[in-house]
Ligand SMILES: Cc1cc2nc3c(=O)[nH]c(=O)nc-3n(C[C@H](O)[C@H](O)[C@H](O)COP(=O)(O)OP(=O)(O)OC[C@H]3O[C@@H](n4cnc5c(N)ncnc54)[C@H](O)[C@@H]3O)c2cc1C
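Okay, so here's just one chain, in structure tokens, the form predicted on its own.
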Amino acid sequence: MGLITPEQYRESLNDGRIVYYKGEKVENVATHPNLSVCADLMAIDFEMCEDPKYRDMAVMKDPETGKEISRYYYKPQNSDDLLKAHELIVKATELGDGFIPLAHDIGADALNAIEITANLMGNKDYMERIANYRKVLQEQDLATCAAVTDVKGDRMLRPSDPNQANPDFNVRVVKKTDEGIIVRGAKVHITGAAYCNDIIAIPCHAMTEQDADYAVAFAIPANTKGVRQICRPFTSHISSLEFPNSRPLRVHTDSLIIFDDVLVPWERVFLCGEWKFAATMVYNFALMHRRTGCSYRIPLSEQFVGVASAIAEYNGITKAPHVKEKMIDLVIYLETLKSLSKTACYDFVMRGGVAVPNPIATNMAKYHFAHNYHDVIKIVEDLAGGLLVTAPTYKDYQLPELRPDIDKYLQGAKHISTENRLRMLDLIRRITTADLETICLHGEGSPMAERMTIFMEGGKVIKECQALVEEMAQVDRSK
């Protein structure tokens, strides 16, 4: 079938999947008043493949078949492949007004992590299955998500620990049949799952031998019997209190996915009991996913620099020395993220036949973004001032008896209209919401997870540096 159109993608979502939103069962996520907004965001990936401006960026020819495929589903082989994927993610996020479409990228991260693991295991069955599944994704252009985070229960206990209140806190294999495996459990925080085609599930942490039943990875359609999703609520439209002609809100939602004795055919099973390799799969997914995360954080960081500069001008404080200092900090924040993200692609390493971004640079980039995120928000909010939360609404501004006073008293710099100043404050409120704060901190792994990976990957660097100074000091370790 090859590449599909945005319309075909939306039509594919009307497949009988079970999704709940705000206490109601959703008949069709593509036409639901709220969830359709999310599907429209995901559809940007398919729109880019049709748009002459972005087609060369989003589409490539499969070297083996010569057919056109989504660049996301090509197995990266070198720094050029990684850089092109990075640039594609950045541009797609820009088109999503700072929100990544997610039709292919995170699913591709899981796909690559599974292939790396299968190759390192040397398991020919898994290698063949994942290669075949990659072809399916390329040929059918399916939208995918990665179901990684288990609900966990008591986090101080292993998944198999009998003291866990429920053995299903982590997704596990409860039975093996001639057809496949039966899985039970739940995944949480799964972005885009309600409006993707396939769900790719992998473990979320290392396992022990006792946890073998929980060492499972697989891919299934979102409408598979026994799969239910509960979506978190969100704001999907411009409020009637906001200014007209504002850009529509782009937004994703996340699912609690319940696997209620779900049959997974053997050809879609990529890990089943090989507990020693659960950590390998998790690690490589985290690495690929953090690269993706760093790429789509760049447009948001550019927005922070832009709104800070704009509101400083609108408030008439651009020339203040402390404002210049704050703008310097924001530029450093943005350019460091961009530089580290590109460096990770240039300085790539090969893992199981797949080119992956440099682990240290990737985790440094993600840590830099998340660790400093709240400082950036503080700068933006400080420059915006108190009107960010106390300004009158558009409804007030509409009233003939109020508008002259609002125009008179809430103007800042002489060359900026009151309406433009209020519009910029509206935008700042939208891109500094509490939802984004949590996602930016914990998405793709917490800052501590990045630090732990940097320390682990940096072990060789530390030893090399120590050896260097020991040579300079003429240290004789035999003494």
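Everything quoted here is computed from the prediction, not taken from an experiment. Residue indices: 1-based, along the sequence shown.
There is also a form predicted together with this ligand; it is not shown, and the following applies to it.
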Exercise. Looking at Ile130, Ile190, Met281, Ala143, which is the one with a non-hydrogen atom within 4.5 Å of this ligand in the model of the complex?
Worked result: Ile190
For this session: Identify, from the list Met207, Val216, Cys231, Ala147, the residue with a heavy atom within 4.5 Å of this ligand in the model of the complex.
Result: Ala147
Exercise. Which single stretch, out of 422-430, 56-64, 25-33, 443-451, brings residue heavy atoms within 4.5 Å of this ligand in the model of the complex?
Worked result: 443-451
Exercise. Using a 4.5 Å heavy atom cut-off, are Lys152, Arg155 and Ile439 all in contact with this ligand in the model of the complex?
Worked result: yes
Exercise. Quick one: is Ile106 in contact with this ligand in the model of the complex, heavy atoms, 4.5 Å cut-off?
Worked result: yes
Exercise. In the model of the complex, does Asp254 have a heavy atom within 4.5 Å of this ligand?
Worked result: yes
